[in-house]
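Shown below, as structure tokens, is a lone chain in the form predicted alone; questions about how it binds or moves come after it.
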């Protein structure tokens, strides 16, 4: 689904990537993890076309990312922190997205129903709690049945029930063949549904493979323990 070859990016004197090669398989949930400043956010922004690489190639679903925007129609994106206009409602934002996409799609609002947003979906976002805004953030990401979901700390700010509903929806999306790339600092959460782990460290792939394989590689009982060992240098960092 996602292929990255020879990716290079520098911000001034800070080199983020120097020839990064990554492949994210279709129809699986890939957990993107790593320490702070590992390059996770930069990679996501490049996939979304928000940052241009200095060199290298990126492709999504076979479409080379060359500066055009058409490929984004297959992506559902849920940022960790979203800054919606305070005067608009979730409904307003949804109608804007429908118009941008040509006005021909009927959005899927089943997640809004599961969250029981009700009238909250029509209230100005500025008067809503952070958790409710995050629910609307999720609804918009899933609304157009994307083939690729990019989720950045998706359960941050959600209450336990809403987080459980969202995780169940992620599993359901995987079952229907959706590719999911998800970042999370809550490693036990990833352990519930991640098929693959992509571990970035200092702008390079330090590990990529099945979650079970990472546990075996580090001799750990849980994914959280395995990641802690990698972060502490207690296990050799290598691509599986």
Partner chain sequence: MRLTLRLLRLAAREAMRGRWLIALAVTLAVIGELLLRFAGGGVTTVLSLLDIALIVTPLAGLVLGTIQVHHAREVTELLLAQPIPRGRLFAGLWLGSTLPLAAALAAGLLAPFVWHGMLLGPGGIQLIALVAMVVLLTLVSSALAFVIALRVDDRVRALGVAIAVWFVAAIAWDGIVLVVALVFADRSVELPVLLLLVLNPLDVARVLLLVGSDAAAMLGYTGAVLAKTLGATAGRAVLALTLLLWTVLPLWWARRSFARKDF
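Note that the structure is a prediction, hence the values are computed from the model and not measured. Numbering follows the first chain given and starts at 1.
This next part talks about the form predicted in complex with the partner chain, which is not shown.
Here is the short version: of 187, 206, 48, 38, the single residue with a heavy atom within 4.5 Å of the partner chain in the predicted complex is 48.
None of 81, 168, 127, 161 but one reaches within 4.5 angstroms of the partner chain in the predicted complex through a heavy atom, and that residue is 81.
Taken together, the three residues 57, 61 and 64 lack any non-hydrogen atom within 4.5 angstroms of the partner chain in the predicted complex. Heavy atoms within 4.5 Å of the partner chain in the predicted complex belong, among the stretches 153-161, 127-135, 111-119, 68-76, to residues of 68-76. Residue 101 belongs to the set of residues with a heavy atom inside 4.5 Å of the partner chain in the predicted complex. Although the partner is absent here, residue 148 sits far enough away that none of its heavy atoms falls within 4.5 Å of the partner chain in the predicted complex. Although the partner is absent here, residue 52 is a contact residue: one of its heavy atoms lies within 4.5 angstroms of the partner chain in the predicted complex. Remark: residue 140 counts among the residues lining the partner chain in the predicted complex, judged by a heavy atom distance of 4.5 Å or less. Contacts between 82-110 and the partner chain, taken as any heavy atom within 4.5 Å in the predicted complex, involve 82, 83, 84, 85, 86, 87, 88, 92, 93, 95, 96, 97, 99, 100, 101.
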